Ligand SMILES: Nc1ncnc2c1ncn2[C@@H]1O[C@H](COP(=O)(O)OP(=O)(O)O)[C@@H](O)[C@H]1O
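Only one chain is included here, represented as structure tokens and corresponding to the form predicted on its own.
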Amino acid sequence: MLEVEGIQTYYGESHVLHGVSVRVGPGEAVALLGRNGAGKTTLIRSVAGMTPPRDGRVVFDGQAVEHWPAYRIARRGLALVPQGRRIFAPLSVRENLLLGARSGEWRLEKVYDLFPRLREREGQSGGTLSGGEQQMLAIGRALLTNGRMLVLDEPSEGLAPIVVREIGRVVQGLKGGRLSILLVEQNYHLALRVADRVYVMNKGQIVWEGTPAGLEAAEEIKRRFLGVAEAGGDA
């Protein structure tokens, strides 16, 4: 579904991504882990067309899109849940959800079934919701675009543990089937619960790739690049 091949991305003259390659297969959930400043969000911006790479390839659903504008990539089926949620605070929950809705499997009632709290708050403005409810709204809005790939950029950021577990449950329920998922996270335990494969990023490079079980056993990688002292525990 997604193949990123050796991309080099800059902000002005600042070289941020150094030959990054990742792939996400159809129906696969892939996690990208790394500390703040590792380059994770820049990779998402490169994939989504907001910060195009200067070199390398981004192939989405069989089409090279590295020079496409963001709206064309979105129309092709990339559904983004951005870092910080980026909801429209003055608009109601319903208006936020329907803003980019396209026909397909996901309809408003299905999103309300997934997130009953959004149904309860349908007429409220987005800015009055809690952080967790805003994250549900951002995910629901992305699902209603009926894309083929869901990209979540730090969905657990700033949320209480009970809400993080709920987001993890939702992502687990979405994986497989026709929807591919790329999850960008700092929350090690959340990512390993939902991912089929994992990449670890540091200073604009991929420094490790493998399975969740493989990462659990890679103590040096966890300690050096993720700040995880030992396996075990829960988010």
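From 1 onward, residues are counted along the sequence shown. The structure displayed is predicted, hence computed values, not measured ones.
From this point on, the text means the form predicted in complex with the named molecule, which you will not see here.
At a distance threshold of 4.5 angstroms between non-hydrogen atoms, residue 226 is out of contact with the named molecule in the predicted bound form. The closest heavy atom approach of residue 39 to the named molecule in the predicted bound form falls within 4.5 Å. A residue is said to contact a partner when one of its heavy atoms sits within 4.5 Å of a partner heavy atom; residue 35 meets this definition for the named molecule in the predicted bound form. Proximity of residue 16 to the named molecule in the predicted bound form falls within the 4.5 Å heavy atom cutoff. Only one of 22 to 30, 39 to 47, 54 to 62, 163 to 171 places residue heavy atoms within 4.5 angstroms of the named molecule in the predicted bound form, namely 39 to 47.
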